[in-house]
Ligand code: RIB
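For reference, the chain that follows is the form predicted on its own, supplied as structure tokens.
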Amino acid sequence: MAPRKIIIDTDPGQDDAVAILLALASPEDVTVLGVTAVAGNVPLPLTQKNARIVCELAGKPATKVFAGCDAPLQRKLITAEHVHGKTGLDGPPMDDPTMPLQEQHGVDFIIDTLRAEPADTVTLCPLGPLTNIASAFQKAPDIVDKVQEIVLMGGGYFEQGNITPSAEFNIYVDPEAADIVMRCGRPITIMPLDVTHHALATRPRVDAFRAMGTRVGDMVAAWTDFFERFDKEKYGSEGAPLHDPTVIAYLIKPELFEGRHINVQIETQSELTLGATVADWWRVTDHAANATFMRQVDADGFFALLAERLARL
């Protein structure tokens, strides 16, 4: 089977960085057509810079990186430096990237790519707020039907929220964008907190990265050491959830995950539950299913895949 063509839409973030590394280490499974940065964990000037840093770390400086939207569709930007640090990739010092940022706007790249490629051959992989994807769909409605699938990290049902009691960060930052994407009518697979909170970077798993004896392994271990301090204190868990790499892992080994095809809607009005992913897990409504909402992951298999692929870089 030919590698799956993907566009990674991202706001790096240490866990975004690991997801990008996993994709770039897996050319037999995915072909990264480009990486589009969006404002989220940190502002856009940092997310586009961080995306290029990660591509260079992977030894893939020819990867095309684009800057997309610098603010949500209708709201002021909310960021997460309290988790990821002021750069978004806090931890070990990182050199500034030398590879260029593409001149084209990220939204236009998404549009042009989907128009140029055959229908049902490009998968969108959003790892942050959905602003770029929704903007592309609004600007060029003709591209929607050309999307093969959208596989995203965001939301939560049983775990509910991590930035508010009811909302996960990626969805909360731009709920209007998430609503547009959920209503697009294309196949959607969601990796919510319900999955990622079972994919914990425990000490033995982090040590396995460090034991690779490579710059990539050392960097992933150091990034994990940095951001897990927040989550371990918050959740009282033995390790931090490794959110975004689940998206790429699903494309490589979907058998690692279990979920249900159900209706998922986004709350955009309530001050109390803004950004909530209202997942009809128990199918108690007559709303048509629009997304595969994952709930379980084989965590050992997931980290084994990460270790095997990252060791290639």
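None of the values given here were measured: they were computed from a predicted structure. Throughout, we count residues from 1 along the sequence that is shown.
Omitted from view is the form predicted together with alpha-D-ribofuranose (RIB), to which the following refers.
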property: Option from 217-225, 239-247, 179-187, 101-109 whose residues, in the model of the complex, bring a heavy atom within 4.5 Å of alpha-D-ribofuranose (RIB); result: 239-247
property: Of 135, 162, 113, 148, the one that lies within 4.5 Å of alpha-D-ribofuranose (RIB) in the model of the complex (heavy atoms); result: 162
property: Contact of residue 89 with alpha-D-ribofuranose (RIB) in the model of the complex (heavy atom, 4.5 Å); result: no
property: 4.5 Å heavy atom contact, residue 169 and alpha-D-ribofuranose (RIB) in the model of the complex; result: yes
property: Contact test in the model of the complex: residue 41 vs alpha-D-ribofuranose (RIB), heavy atoms, 4.5 Å; result: yes
property: Partner contact for residue 127 in the model of the complex: alpha-D-ribofuranose (RIB), 4.5 angstroms, heavy atom; result: yes
property: Sequence-ordered list of residues in 246-269 near alpha-D-ribofuranose (RIB) in the model of the complex, where near means a heavy atom within 4.5 Å; result: none
